[in-house]
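The data below hold one chain only, encoded as structure tokens and taken in the form predicted alone.
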């Protein structure tokens, strides 16, 4: 009987394909090199990071040359004059302050909105609801930031839907665009999917039985959320906050389109120096300060709250 079963057993095609792939891989990368497999897998990422570092070195070098106004070319001499110009300029201090405040507010509002979305996405028992939420989550990625910004220009304009809705209740048209709240609103709308994607894995890792146990001990839903779920979701909140904060700090399109040129962030100032005034040295100095500011803020957050989602699974 056993021989009959072996004769009837058909080796699945996918197993044959996997065996063939393994044989080819063994020819390309013999087993004796297996100790180096991890480094080989890291090689593309290391190459990309190396290119990024090389670009930063070039920008750092460019930041130490001032623009020669007689030739409109960078001077040969090395100097910190570009950094001194930025330090003495009240305009650039305002831009740095506006960028930092905008990023902070974006992080706060985005996390407040993203947490319930991610919680319902993870906890709902309805497959249809989960699919609809996933569609709503990924749909913005197919539109693009610039198109979304144009959409908000239409919605929030003087004759847009928002002002028309206000007009129905007797409110005069408001200036909803080309100010700081409009930029923050646009950034929150843009960053929301990123935050949900960072929060969902952290919430998935919290067993629902823990909330059930808290309820059985007398905690209502709010106390369970505050004392159990939120502390356990801290890695996701930290990871989402870091991603949203760094992306907001370096954003260009939203301040340019929704700020109307009066609410520039650092990226807009860098663009102006590189492509409008042709002062590459000053633009490079702003870029280096932006990298430094972002690195310091991320280091402070990780130092205070840990690596968040990015550190999940690490050995303690």
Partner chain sequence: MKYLINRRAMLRAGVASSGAMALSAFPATRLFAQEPEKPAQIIVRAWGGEWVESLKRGVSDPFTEATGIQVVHDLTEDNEIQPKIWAAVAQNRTPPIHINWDTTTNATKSALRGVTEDLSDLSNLSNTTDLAKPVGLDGFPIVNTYGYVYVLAYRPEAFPDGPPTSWKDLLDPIFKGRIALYNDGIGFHFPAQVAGGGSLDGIPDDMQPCWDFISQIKEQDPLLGEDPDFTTWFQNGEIDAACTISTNALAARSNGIDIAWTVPEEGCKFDTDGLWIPKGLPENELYWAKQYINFAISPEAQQVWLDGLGLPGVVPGLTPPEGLAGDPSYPTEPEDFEDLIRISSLVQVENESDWFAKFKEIMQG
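Numbering follows the first chain given and starts at 1. The shown structure was predicted, so the numbers you read here are calculated from the model rather than taken from an experiment.
One more form of this protein exists, namely the form predicted together with the partner chain; it is left out here, but the text below deals with it.
- Across the proposed site, 108, 126 and 129 without exception lack any heavy atom within 4.5 Å of the partner chain in the predicted bound form.
- Comparing 189-197, 131-139, 95-103, 76-84 against the partner chain in the predicted bound form, the single stretch with non-hydrogen atoms within 4.5 angstroms of it is 95-103.
- Proximity to the partner chain in the predicted bound form, taken as a non-hydrogen atom within 4.5 angstroms, holds for one residue of 57, 42, 49, 278, which is 278.
- With the partner omitted from this view, the residue of 91, 220, 212, 204 that lies near the partner chain in the predicted bound form is 91 [heavy atom within 4.5 Å].
- Remark: residue 63 does not count among the residues lining the partner chain in the predicted bound form, judged by a heavy atom distance of 4.5 Å or less.
- For residue 37, no non-hydrogen atom is located within 4.5 Å of the partner chain in the predicted bound form, even though that partner is not displayed.
- Though the partner is left out of this view, residue 72 does reach within 4.5 Å of the partner chain in the predicted bound form, counting heavy atoms only.
- Looking at residue 159, you'd find a heavy atom of it within 4.5 angstroms of the partner chain in the predicted bound form.
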